[in-house]
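Quick setup: the structure tokens below cover two forms of a single protein chain, split into structure 1 and structure 2.
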Structure 1
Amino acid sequence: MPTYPVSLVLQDRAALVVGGGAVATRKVEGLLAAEAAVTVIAPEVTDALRALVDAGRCAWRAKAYDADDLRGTDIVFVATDDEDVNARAYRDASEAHLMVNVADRPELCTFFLPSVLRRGKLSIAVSTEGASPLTARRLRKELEERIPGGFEAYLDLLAAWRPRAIAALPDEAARYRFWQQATDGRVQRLVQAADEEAAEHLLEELLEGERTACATLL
């Protein structure tokens, strides 16, 4: 089945997790990393989930699933050990045009979960469209080893410079040239060497260079 990869913005969005076992717990942890507003529906939950509920990180309705639970929800994850409940939750959610994933049941999914590596603002998602989830995991682990140290801080620095570059370089072509130089490896190496000051200084120099080039052309 061909799929279309996206990065969902779930911050403060209502994510419903039906089921409270080991599989549901993993889904909740991933959703909390995306700062979603998570509600778990399950008669019983794992200790790890209970700890998250006690810490106020997610809500729990200690009950069996019914269609009313979908009210106000943006996205649905299903992982109970009752196949009939899983199928019913899928049917209710898809009738309501909600995005729904039933763990390990591709025919009951409007989206699949990839294997995900997170490093600060970087996320790499590997999908095999269901061919082999373990292959997706293996490849993700290989990629994990290839991300250099300091990448998190490097992306944070580039993110902080985005509004600044947009304000200072109204010309799109100049901005593009600036970003090409800002990402060519020099700034990254300075951040990796923990020399944030030199990295900032180089970015300032590059920005100034493009600003001057624009001014000369005018």
Structure 2
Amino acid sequence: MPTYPVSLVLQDRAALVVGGGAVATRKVEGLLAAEAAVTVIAPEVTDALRALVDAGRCAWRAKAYDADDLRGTDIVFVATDDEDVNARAYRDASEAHLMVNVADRPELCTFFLPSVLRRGKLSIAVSTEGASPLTARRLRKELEERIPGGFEAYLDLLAAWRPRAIAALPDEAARYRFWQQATDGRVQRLVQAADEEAAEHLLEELLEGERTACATLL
């Protein structure tokens, strides 16, 4: 089936994880990184999960799954060794119109989890739509090795300049031209060389150049 790639904002959203093993632990860790409100349903959990529960990072209901656990939930992740539980949780979540992902069972998913590379504001997601998660992880690793050092600082700099560009260049076409030049590699190379002062100066020149061009046209 064709998919529609998105990045979900899960901050404070209720995420249910059915299962308490190693796979479920990884799901919980990823959800906590997104600042979701996580509840785990499992008779037993890993030591790592128990540590998260003890630290108040997530909730744990030490019980077998049933459909009532879905109440108040926004998104569901299932990772158990019991195929009957996996199928039942998928069916219940689907009937409740909830997004659900069952680990290693692409036919029991309404969304797939990509392998994600994060570097500050940069996120690169690689997905095989459930066909081969290991291949996705290997491709992500290859991409990670190609991202140059200093990229986080480069994106932080561009983010800081965005409101300045909007204020100085109300014309959309002028802003586009500015960002074309700002992202052509020159600023990035200066940041990589740890010369942020020169990078700032170059951005100022580019912005002033577009501002002057707009004034001339008027």
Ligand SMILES: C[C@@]1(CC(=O)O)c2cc3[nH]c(cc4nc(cc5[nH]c(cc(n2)[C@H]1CCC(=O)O)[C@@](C)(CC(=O)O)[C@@H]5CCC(=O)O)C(CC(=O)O)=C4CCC(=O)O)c(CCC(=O)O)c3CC(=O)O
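Throughout, residue numbering runs from 1 along the sequence of structure 1. In this text, the rigid core denotes the largest set of C-alpha atoms whose superposition between the two forms falls within 1.5 Å. Computed from a predicted model, the values in this text were never measured in an experiment.
Enquirer: Where is the form predicted in complex with the named molecule shown, in structure 1 or in structure 2?
Expert: The chain shown as structure 1 is the form predicted in complex with the named molecule.
Enquirer: Would you pick which one of Ser115, Ala64, Ser132, Ala173 lies where the chain hinges as its rigid parts rotate between the two structures?
Expert: Answer to the hinge question: Ser115.
Enquirer: Which angle, in degrees, describes the smaller rigid part turning against the larger between the two structures?
Expert: Spelled out, the smaller domain pivots 11 degrees relative to the larger domain.
Enquirer: Taking the rigid core as fixed, quantify in angstrom how much the C-alpha of Ala182 shifts between the two structures.
Expert: That residue's C-alpha is offset by 4.4 Å.
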